[in-house]
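Presented below, as structure tokens, is a lone chain in the form predicted alone.
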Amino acid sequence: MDAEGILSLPLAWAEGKGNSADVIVSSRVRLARNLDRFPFVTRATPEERKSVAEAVREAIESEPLFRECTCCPVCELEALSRGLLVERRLMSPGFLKGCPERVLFIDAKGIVSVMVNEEDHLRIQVLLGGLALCEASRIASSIDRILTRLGFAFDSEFGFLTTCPTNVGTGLRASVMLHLPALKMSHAMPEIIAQSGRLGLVVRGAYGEGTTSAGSLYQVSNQVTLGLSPEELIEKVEAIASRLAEQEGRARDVLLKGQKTLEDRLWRAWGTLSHARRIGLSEAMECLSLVRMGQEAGLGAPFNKMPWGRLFLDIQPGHVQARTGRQLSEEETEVARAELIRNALAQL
């Protein structure tokens, strides 16, 4: 799949719809599975990893559910296409650096992706907008049942066996991405992160493990998968996400009491986006975050017309380069990003 094809894919999570979408951007469920007749990816030979990929391909192509899936051998994708898939969260950053036998399957709706030969033989991922963990889990489970005939590594005592011990058990990671600018401004995030750790949850940046928060986006997920059922894990993450959404709402109310100070910050962010001739990713993300806060606070025009989800993607380095159609230096990327934002806002 080339860059143009990737850019044409719909993305439910970027549309800004769904339950609690004013704070909760997206919900993701990921299942880790390994085939019992092959060694784990890190111990398998290239021939064995090829056999894993072929077995998964045959299983997927034989199922009507996957009729519209696209098979993408990662080593055959251009660097730009790989970057776009990571930015759109259809594959993990770690998948970029793996073995040559990596294969990605993605559906035509941009909801389901299956990574083959990542850390585990299979990573089944479902990504939806808003608070929709139960629906994402239902879709992931249906795919899991279909692929069970491949023969998954399973122990009657420990559950599904995985490369990383923290995934042993259900093999399920439930995560919710939230936009928490008011809690960040209130300096509440360090304590929230610490409390989450005590509850068996982890708070990371928008792109998961090893990434920092940009644009006040945080991803909350379960830390271990052993000891609780999938339903209990989903319920736990969903409850914390709902609680954080409520805390964010209260923090925004407090900040809005000093409305002129907050409005000044929001309008300055709008002015930067509207007039900057060169802008880095971090600054653009922070300004977009503030503008979205104005949108969610109901401040009216022009904030209410901001296509936040689309702009969040379009300002990422790979998307900027893809839109311009050529390799860009860092300075050229920042100039192109600023122009892209100005043009988008001018059309509102």
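The shown structure was predicted, so the numbers you read here are calculated from the model rather than taken from an experiment. Residue positions are given as counts along the sequence shown, with the first one as 1.
Quick note: we don't show the form predicted together with another copy of the chain, though the next part is all about it.
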| field | The single option of 141, 247, 163, 274 touching another copy of the chain in the model of the complex, heavy atom within 4.5 Å | value | 274
| Out of 59-67, 279-287, 31-39, 304-312, where are the residues with a heavy atom within 4.5 Å of another copy of the chain in the model of the complex? | 279-287
| Mind checking whether each of 260, 267 and 335 has a heavy atom within 4.5 Å of another copy of the chain in the model of the complex? | yes
| message | If we define contact as a non-hydrogen atom of the residue within 4.5 angstroms of the partner, is residue 330 a contact of another copy of the chain in the model of the complex? | response | no
| remark: Across 173-197, the residues having a non-hydrogen atom within 4.5 Å of another copy of the chain in the model of the complex turn out to be none
